[in-house]
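The chain below stands alone, shown as structure tokens; this is the form predicted on its own.
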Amino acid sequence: MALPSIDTSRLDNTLAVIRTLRDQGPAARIDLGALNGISSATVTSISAELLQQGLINERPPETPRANGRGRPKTLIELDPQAACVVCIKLSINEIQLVVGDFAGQIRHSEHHAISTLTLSAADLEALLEDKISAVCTQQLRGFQRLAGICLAVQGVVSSQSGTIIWSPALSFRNAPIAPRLAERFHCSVLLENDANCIASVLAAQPAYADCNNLVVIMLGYGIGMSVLINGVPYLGANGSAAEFGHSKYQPDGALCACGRRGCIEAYASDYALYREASDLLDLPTGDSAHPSAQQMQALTQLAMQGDPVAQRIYAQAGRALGVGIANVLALFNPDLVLITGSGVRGFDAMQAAMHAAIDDALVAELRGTTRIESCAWDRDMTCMGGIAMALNATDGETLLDSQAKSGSATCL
């Protein structure tokens, strides 16, 4: 007896409609069809099912056109309450929890100052369970379901096994955090590198739509990188690919947070810049090993005002960054290298030395037509990316759940 077949094309089309509505906002059915290469009849059928299942809403018809020709378009949009996800950003001495709705918008955000380096794996697991439970109790009323959780971590993670392999924010290694959280909260749990979360947000922006091969470098306390090849993040065998900050600039050089010497991060990260400057310049007091935004802004301002010591420190950082980018260009030949993160505040003081180092390292043919640009860090894109990745990973489950609740007989 033949097994019942699953209409994967129907599922793919339904997911495409949902994700287009999430990315672009309310849209007319005819426009959704054109954007996704789906017939109007198919979009009409899909939208009828999504309305029945409570995943989308219809907006009131648009105002009739002045010339009286044609029916006004009726727009459909995702129901924000249909599902939600929780994203946790784990960084040095801080945990941020964010609730994202089904439309991908942030509905709640909270920060907690935590001495992360003193935590054991069991401590972190208990802490996360406690914080997520509190958010679920206090913030998830009104949502139909908790679809998933995304844990965005600075450092090396295995998305496949849900294991934090190493993070500068933690003193332990190789902790399988995600499976335990999934068991506790009965939902999908994604473990992602923070740079990959940021890259997912940037790659979706219209300005970078033509960049299938995109490299995103994140400057900040540490230095991270995400490599998208044909639009797909390259993770490597165990999730440790694209650790740009821990590639070498100077063997036996400055000490890095990873415990080794000579890494690019040991010259161009916030802690490296401040470490170099703290003994030479009059800077705000504070933890020089974990400089605050205010401390870094003071150092950056000195460089931009022409202080020779600060300028020398940023130029050295630019050279280290340039040597690393030259290697990336030679290895991957991307369409675009996009530099962002909180550390981009000092990019103007680095870029002349960075471009000189790239020019010294590569013949013109290897540099090719790759663009190298900076992107302002006017908002933290880590949690926005984590929300989007968690929603995309769980849309299929949300569809099945809503179908079962509505009693729909359609087989996706």
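Numbering starts at 1 and follows the sequence shown. Computed from a prediction, not measured in an experiment: that's the story for all the values here.
What comes next is about the form predicted together with another copy of the chain, which does not appear here.
Note that among 83-91, 124-132, 137-145, 252-260, the stretch whose heavy atoms approach another copy of the chain to within 4.5 Å in the predicted bound form is 252-260. For the three residues L97, M350 and E397, a heavy atom within 4.5 Å of another copy of the chain turns up in the predicted bound form in no case. Although the partner is absent here, T20 lies within 4.5 Å of another copy of the chain in the predicted bound form, judged by heavy atoms. A residue is said to contact a partner when one of its heavy atoms sits within 4.5 Å of a partner heavy atom; D360 meets this definition for another copy of the chain in the predicted bound form. For Y208, no non-hydrogen atom is located within 4.5 Å of another copy of the chain in the predicted bound form, even though that partner is not displayed. Shown alone here, A298 lies farther than 4.5 Å from another copy of the chain in the predicted bound form, counting heavy atoms only. Between the options I106, L280, L331, V232, the residue in contact with another copy of the chain in the predicted bound form by a heavy atom within 4.5 angstroms is L331.
Scanning V337, V189, L302, V156 against another copy of the chain in the predicted bound form with a 4.5 Å heavy atom cut-off leaves one residue, V156. Residues V156, I165, W166, R173 are the ones in 145-175 with at least one heavy atom within 4.5 Å of another copy of the chain in the predicted bound form, listed in sequence order.
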